[in-house]
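The data below hold one chain only, encoded as structure tokens and taken in the form predicted on its own.
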Amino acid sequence: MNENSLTGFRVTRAGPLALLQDAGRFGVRQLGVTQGGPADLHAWAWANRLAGNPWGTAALEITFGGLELVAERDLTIALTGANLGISHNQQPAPRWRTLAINAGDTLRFGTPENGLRAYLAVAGGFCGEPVLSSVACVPREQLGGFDGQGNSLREGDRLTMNQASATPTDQVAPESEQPDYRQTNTLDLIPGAQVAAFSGRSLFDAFNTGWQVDQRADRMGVRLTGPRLQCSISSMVSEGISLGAVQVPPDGQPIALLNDRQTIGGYPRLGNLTPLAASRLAQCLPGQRVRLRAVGSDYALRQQRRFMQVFG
């Protein structure tokens, strides 16, 4: 936090999980420290772009809703991601575009209507206490966030921000970039090093049947329930785990690992979701259906490059 930071919001009601997230904490996995960062990279990136912020600027990730904020100064913000029944002064708040609010205005986040995680960016960006060169909040590791201790927002907190260098003009994300998270999602997966160890029937089922998002889902990972996948590998040496890795434990039900995952794991991997596929999965509510689609690394790299080019 710098000496020129300003108070932007006061928390008058804390939801179950509202976290400060910049792009993530990198270069520290050899220390056993995970990356953190936005579970939905796509929505987080668009929130910052609409607010006129450069890549990597910290924004709020609000999961499930239940949050209430009061503005303590005039602000320009952007709301993207899930529709959590967000209201601005008791009126529906526009999403996927810039929004000017005044000191004393109230933002309320209700319950999930379409998606699971909403993102709030403010022009200038939120600021917090950097830990290992990032403010990404990982509660399990007690790192990052506004206080540097990995705490989610609590009632009475004051959210600080940087002075905006310029007020962004009215911006709207293209309709093609505004997902309907209720749809059955097809998630791109790059087959992994152990894919040949799965039975032929398991590979057919993995990519030709639907999977259901289990109740056991958080920022560490999402368990998928469906046909039991069988693998000839009973044990293996633990290896590094990347964002989107799909591990298959002995019960045959895949687990897609997300931002707050452990840094190593010893289960065989079906493959790895692309970053944008992991983002889409992070918006799925328990019980929602998804499908897996095998893609090559060249395709996945082109897809990621096109996405990143939008944000410079």
Partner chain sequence: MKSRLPCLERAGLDGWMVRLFDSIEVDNLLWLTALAKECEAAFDDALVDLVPSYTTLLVVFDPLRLTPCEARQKLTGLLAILKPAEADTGGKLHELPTWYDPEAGPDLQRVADLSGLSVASVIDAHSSREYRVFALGFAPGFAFMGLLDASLNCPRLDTPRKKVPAGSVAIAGQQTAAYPVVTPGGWNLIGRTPARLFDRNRDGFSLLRVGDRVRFVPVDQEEFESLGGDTADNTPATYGGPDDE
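Residue numbers count along the first chain shown, from 1. What you see is a predicted model; the values in this text were computed from it and never measured.
One more form of this protein should be noted, the form predicted together with its partner chain, which is absent from this view; the next part is about it.
Colleague: Using a 4.5 Å heavy atom cut-off, which stretch among 230-238, 100-108, 169-177, 77-85 contacts its partner chain in the model of the complex?
Modeller: In the other structure, the partner sits against 230-238.
Colleague: Hey, with its partner chain in the model of the complex, do 6, 54 and 163 all fall inside the 4.5 Å heavy atom range?
Modeller: No.
Colleague: In the model of the complex, which of the listed residues (192, 124, 115, 128) lies with a heavy atom within 4.5 Å of its partner chain?
Modeller: The residue from 192, 124, 115, 128 that makes the contact is 192.
Colleague: Is residue 285 a contact residue for its partner chain in the model of the complex, using a 4.5 Å heavy atom cut-off?
Modeller: Because no heavy atom of residue 285 falls inside 4.5 Å of its partner chain in the model of the complex, the answer is no.
Colleague: Although its partner chain is absent from this view, report whether residue 140 comes within 4.5 Å of it in the model of the complex, heavy atoms only.
Modeller: Looking in the model of the complex, residue contacts with its partner chain include residue 140, since a heavy atom lies within 4.5 Å.
Colleague: Please run the contact check for residue 253 against its partner chain in the model of the complex: heavy atoms, 4.5 angstroms, yes or no?
Modeller: Residue 253: no contact with its partner chain in the model of the complex.
Colleague: Under a 4.5 Å heavy atom criterion, is residue 304 part of the interface with its partner chain in the model of the complex?
Modeller: So residue 304 counts as contacting its partner chain.
Colleague: Heavy atom within 4.5 Å of its partner chain in the model of the complex: which residues of 28-55 meet that condition, in order?
Modeller: Counting only heavy atoms within 4.5 Å of its partner chain in the model of the complex, the contacting residues of 28-55 are 28, 29, 30, 31, 32, 33.
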